[in-house]
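First comes one chain, alone, set out as structure tokens in the form predicted on its own.
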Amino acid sequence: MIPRLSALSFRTKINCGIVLIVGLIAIPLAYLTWRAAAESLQTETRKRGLVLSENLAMRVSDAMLSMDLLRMKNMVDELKKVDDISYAFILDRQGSVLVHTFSGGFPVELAEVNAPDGPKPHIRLLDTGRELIDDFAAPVTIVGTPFGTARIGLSRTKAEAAADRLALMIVFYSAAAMVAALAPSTLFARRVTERINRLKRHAEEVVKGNLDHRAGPVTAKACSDTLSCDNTRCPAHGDRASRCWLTASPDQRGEGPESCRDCPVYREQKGDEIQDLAETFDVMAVSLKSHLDELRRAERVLSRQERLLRTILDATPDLVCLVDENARYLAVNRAFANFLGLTSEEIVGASDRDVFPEDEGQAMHEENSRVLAAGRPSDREVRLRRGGSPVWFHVVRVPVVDASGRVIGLLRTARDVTQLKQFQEQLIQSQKMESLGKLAGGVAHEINTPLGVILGYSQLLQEDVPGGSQIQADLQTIEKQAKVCRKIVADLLGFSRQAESAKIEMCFNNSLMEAITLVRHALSLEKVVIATDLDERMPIIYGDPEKLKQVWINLLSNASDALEGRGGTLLVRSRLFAHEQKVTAWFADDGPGISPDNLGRVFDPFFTTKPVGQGTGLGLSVSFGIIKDHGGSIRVETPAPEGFFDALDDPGHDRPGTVFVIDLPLDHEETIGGGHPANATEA
């Protein structure tokens, strides 16, 4: 199979090209040389034949006058000794053959095939069937009178054979020249292709990323050595692999090295076009490496900045995300992914409707669309549900625009403000209670005096009426209701903090047990069982025993009322958290719980779900004020935490229940050794 010309190696192409060129030149030249030699030889043969024939005619004239045949015979035999003379003979005036050189008899027909052309010789080509003969017929004249004819035959075949031998020699020498040209052409091709192959290997190394490979030759001396230059800041100083006119002065690259022609370094190191190409490749590799190094440094800087930005975004507790113009996520931070319980890869490309609950996702998507359409920032608070509890976020949406001002997305940050909202609600509650307290305190102060008069006079009148009479019963009713009113007034005064707290060191557990002892019997009549789980370390607090006892009794009474007369279990638990400097008490019932609508109002003054006449709605408000006055906190959880009643071994309760949690600070550092914060469900 003959390979394609383009698939041949460059060295083979050079060899074939040189041989072809030499062949194309040598063959026509040999042919033309052969033709010229053949024609020249033929011409010379004809001239020679004419000279020989005329010379013979002139020499035999005397012998013909004397008819000296022997002499004529010797003359023609002398000519026969010449290699290319086939024959010679003499004819007399009548055309008879006088002498000839034929050994086997004279061919008679030969005497008449040619004759002189008057006084001039005549030449005729004869074909004997074996060879071609130029027959020369020269007249023999004596004193202008024709006396006979001298005929000589020269073999043209032998002359052409000589020409063929000459042509063969030309062909031989041409072939020898071609063979001789093949060797230096091979060496030349190898020399050229070696340098080209070196450029090829250099290009392959560049493609592989090895930019330290050099294609140009290394000189014996650098330009700084040749010129004794001590400019060490020059990039070509001491560099023997790169040429100074390509590396030292970038300005000369555009104009070329014309200005360096008189420089001895240029004259010494300048090469041919292939060397220029190799050195240009080296400069290109060095420049490319320099650019790659700059790109790598820039990439490292960008990567470091990206990691820093990612670290900042991941470190912030705010939920940060970037969405595109179609409201689909482009990037989110770790807090955002953790809030949704997904990975960043799962969120990117999705929309709010894909990752949030249906109602929340739709609301967020509509708000995003409004910001993207209007191109104005948005700032609002939203309420989400997570784990059954409301979570408040302050959401800021800022549109992102490109260089032309077109909105291409938005940046959204969401900060959890649930605790702030709780503080706000507590502040509102405090202000509300403060206002109500002032009002209640003023009213109670005004009522307290006439109420005391009514109570005093009712008691005095009872002494003046007969015992057991209807009037005494009515006065007792007035006294009883007056005492109820005084109790309400006392609660109002307590709610308005008109009464100062008398704080002393007290045992927290003893305070709880005193309250439990007071109500245990009364609650047992309503089939309510009080279970206790108190911390055995007997935590000491700094508080008002009477007011705290009032709080405990209020909580126990409310818990008993929550059971709605069907009986049940109340669990009182206390734990000491010495490392947090606080003590916590839980008052839990296994009743029906508090509805979500009422959960946020249980500490409001005068709020009650009890029928009219069975509650004033001040018990929890007063308790809230007392706990706050002690620097503590009170909150309610419903339903009760799962497993809260498991330790009671009471399988009868199947209702959600309610737990009031009270935290009070320790004003004296405990040395009992606090454990870890107790779980509310801990038995």
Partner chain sequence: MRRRDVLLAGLCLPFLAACGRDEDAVRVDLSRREEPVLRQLPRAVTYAYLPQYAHTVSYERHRLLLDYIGRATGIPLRQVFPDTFEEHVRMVERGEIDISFSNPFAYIRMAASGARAFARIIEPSGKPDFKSQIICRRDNKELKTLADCRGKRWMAVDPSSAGGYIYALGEFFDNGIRRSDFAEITFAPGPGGKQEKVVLAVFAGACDIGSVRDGTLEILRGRIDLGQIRVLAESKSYPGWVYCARAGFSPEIIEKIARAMFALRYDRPDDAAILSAAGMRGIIPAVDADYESVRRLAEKLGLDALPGGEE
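Numbering follows the first chain given and starts at 1. Computed from a predicted structure; not experimentally measured.
Unshown form predicted in complex with its partner chain; subsequent notes refer to it.
Visitor: Could you tell me if Y266 has a non-hydrogen atom within 4.5 Å of its partner chain in the predicted complex?
Guide: Contact check for Y266: no, nothing within 4.5 Å of its partner chain in the predicted complex.
Visitor: Within a 4.5 Å heavy atom cut-off, is P107 in contact with its partner chain in the predicted complex?
Guide: Yes, P107 is a contact residue.
Visitor: Within 4.5 Å, heavy atoms only: does D646 come near its partner chain in the predicted complex?
Guide: Because no heavy atom of D646 falls inside 4.5 Å of its partner chain in the predicted complex, the answer is no.
Visitor: Do A403 and its partner chain share at least one heavy atom pair within 4.5 Å in the predicted complex?
Guide: Contact check for A403: no, nothing within 4.5 Å of its partner chain in the predicted complex.
Visitor: Just one of 221-229, 98-106, 371-379, 321-329 has residues with a heavy atom within 4.5 Å of its partner chain in the predicted complex, so point it out.
Guide: The contacting stretch here is 98-106.
Visitor: Using heavy atoms only and a 4.5 Å cut-off, decide whether all three of Q459, A482 and K547 touch its partner chain in the predicted complex.
Guide: Verified in the predicted complex; spot residues all out of contact, no.
Visitor: If the cut-off is 4.5 angstroms on heavy atoms, which of these, E637, E54, D68, D629, is the one near its partner chain in the predicted complex?
Guide: Partner contact (heavy atom, 4.5 Å) among the options: D68.
Visitor: So its partner chain isn't shown here. In the predicted complex, which residue out of D92, D561, D535, E346 has a non-hydrogen atom within 4.5 Å of it?
Guide: It is D92.
Visitor: Can you tell me which residues in 145-165 come within 4.5 angstroms of its partner chain in the predicted complex, by heavy atoms?
Guide: Sequence-ordered list: T145, F147, R156, E160.
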